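Take a look at this one chain, the form predicted alone, written out in structure tokens.
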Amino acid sequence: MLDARIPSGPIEDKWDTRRFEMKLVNPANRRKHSIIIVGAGLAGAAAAATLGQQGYHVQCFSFHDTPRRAHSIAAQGGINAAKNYRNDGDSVYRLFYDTVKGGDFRSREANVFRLAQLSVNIIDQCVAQGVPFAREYGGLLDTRSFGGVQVQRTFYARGQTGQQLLLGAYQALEEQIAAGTVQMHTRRDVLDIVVADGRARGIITRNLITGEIESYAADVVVLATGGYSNVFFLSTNAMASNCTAIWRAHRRGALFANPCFTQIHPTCIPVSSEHQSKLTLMSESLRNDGRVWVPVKQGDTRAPNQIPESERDYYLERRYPSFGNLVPRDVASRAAKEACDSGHGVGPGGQGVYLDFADALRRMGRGAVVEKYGNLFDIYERITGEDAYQAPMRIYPAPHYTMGGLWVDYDLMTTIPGLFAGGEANYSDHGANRLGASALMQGLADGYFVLPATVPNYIGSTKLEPVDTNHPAFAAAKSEVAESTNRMISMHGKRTPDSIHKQVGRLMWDECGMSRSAERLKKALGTLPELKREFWSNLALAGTAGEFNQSLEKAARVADFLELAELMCIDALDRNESCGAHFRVESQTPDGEALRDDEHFSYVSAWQWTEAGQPPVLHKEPLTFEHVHLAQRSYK
């Protein structure tokens, strides 16, 4: 049983109660304490800027050449907030309710309610920073709908909301870099977490330019390194996104929660080539005004504009009349897969469905569509060569976000004292399925509001003995990193990291992707150890360890993906129920919807690393639902 340290009292008062109970650090003493933050996306940049402004000495690390390249920049559609500007029935409680229900009752109520409360402050913070949110004619902030809700609570900046929010956080970060409170380390790959005397006290990095293995010490370590969807090789994530920091923390003792909960995004540009290296997201916001359909006739190869209305199946509107095209992502993704598997798919290989804006163009006019979605249409045309103003987009589901991550308590601290995890690196807020426009909300809530309160509380309530890089724990961790690196570089085999990564990714997509079964998961668990042996015996890397070497970078990440993939399949096999994006074919309703088993699986699965080659140990955090009562989800 895991203790999440949730404050007592009414749910709407828990965060205020917790903040009042926290130990404070006076401004003069803050300068004596150092904090390492790994990652400079929304959660990392916001936390670094805010803690730096408080007066702590912050060291922030990124494997990019600038924080502006963090994957947060790729988010398109918007950010949720319960401000009820539309006066359409929204509230903090409704956002909380929608998020718990959208996550299929597999998230922690207290954390979700806090997220809904903080959402209101996030918008004010970003507007004050100059984020250019879309506005109505009179100057008020505009909003739109996203999947899984019946209100318009999503604030947006055309189709580039993540970019604009990241630029706001980046400016705040740069202000503190200029003030000297934050020291930025770019082109550093974090390869281990240093645990000294039972507490996280530093990191081991590889300088990606020189190849040097470096050590850094601090009083606290915060991981804000994003998710692990690149375990599938093809995903909407940036190619450099990886699981290394959180996986190395897991190997040092941090429990890994719900690894099998991954999100498949329903509106992505379909795969076009076996040589493709990543997939491109088409924002869920397009489902506000676009209509999803397939031909009624199986194998219909006519151009979409030649198929009359009577021969089109608007299957989301037909199956889910209450929500229509705005059902949650997991529901929309499975429905698209079913349409294609039954022979109604379109495009090459029948692996696509149409997202059609013809009605919106007639209703709104082209100018209004361009104003709301223009850059998304431009992206689509540049990649496919097709004009989505003239014919429907072709879309298909693809790996996108990961709900699993390091287990954290209410304060966002992992099971390693002094090691915190924020944003997508932790599991805490989204359960088995994330609602659209909630990733940016969580990243900024964690970075601007939660971590700047809970990290100082840890510092103020903990006796931290002086530790520097001369501590034996640093030498031991550095030696392990060097040994692993040298082992990879000295193999002189025949397989590139990418060739093995592609094989792992295809296996995971087929057996642990949009649907899973016990038989297929056991197949994957039989194959993954073979791929791991192939990796560690037949790897081919050019160059040396002591230089700029991107093949070596990739190899280290693939090594971690191989181990994580195994844990994902173990977790998926253990959770013999369907919930959210985790769809076990053995557990479904008569009409093909996910069927939960609340009696046996109403808990967070938190896995403990034992040692290489040994099975992980399962710990459980029971989930209780006092405010959103358990019920089978229905969007019909």
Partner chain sequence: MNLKLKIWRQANASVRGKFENYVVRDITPDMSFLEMLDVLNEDLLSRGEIPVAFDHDCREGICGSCGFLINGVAHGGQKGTTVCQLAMRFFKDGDSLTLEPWRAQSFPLVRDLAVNRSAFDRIIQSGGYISAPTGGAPDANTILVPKEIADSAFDAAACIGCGACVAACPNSSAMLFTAAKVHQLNLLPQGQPQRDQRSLSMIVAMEEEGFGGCTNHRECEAVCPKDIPIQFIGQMNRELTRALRHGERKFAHVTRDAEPAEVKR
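Positions refer to the first chain, counted from 1. The shown structure was predicted, so the numbers you read here are calculated from the model rather than taken from an experiment.
Keep in mind the form predicted in complex with the partner chain is missing from the figure; the text below concerns it.
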Discussion item. With the partner left out here, check for me: in the predicted complex, does some heavy atom of Gly52 sit within 4.5 Å of the partner chain?
Written reply: no
Fill in: Residue contact check: Ile177 to the partner chain in the predicted complex, 4.5 Å heavy atom
yes
Fill in: Partner proximity in the predicted complex: Asn288 to the partner chain, non-hydrogen atom cutoff 4.5 Å
no
Item to complete: Answer yes if any heavy atom of Arg302 is within 4.5 Å of a heavy atom of the partner chain in the predicted complex; otherwise answer no.
Response: no
Fill in: Residue stretch of 455-463, 328-336, 535-543, 421-429 approaching the partner chain in the predicted complex, non-hydrogen atom distance within 4.5 Å
535-543
Item to complete: Establish, in the predicted complex, whether Phe96, Thr154 and Asp411 all lie within 4.5 Å of the partner chain, using non-hydrogen atoms for the distance.
Response: no
Worksheet, complete the sentence: Answer key: of Asn29, Ser602, Gln608, Thr66, within 4.5 Å of the partner chain in the predicted complex (heavy atoms) is Thr66
Worksheet, complete the sentence: Answer key, the partner chain contact in the predicted complex at 4.5 Å (heavy atoms) among Leu118, Ala218, Ile73, Leu528: the residue is Ile73
Worksheet, complete the sentence: Of the residues spanning 279-310, the ones with some heavy atom within 4.5 Å of the partner chain in the predicted complex are Leu279, Thr280, Leu281
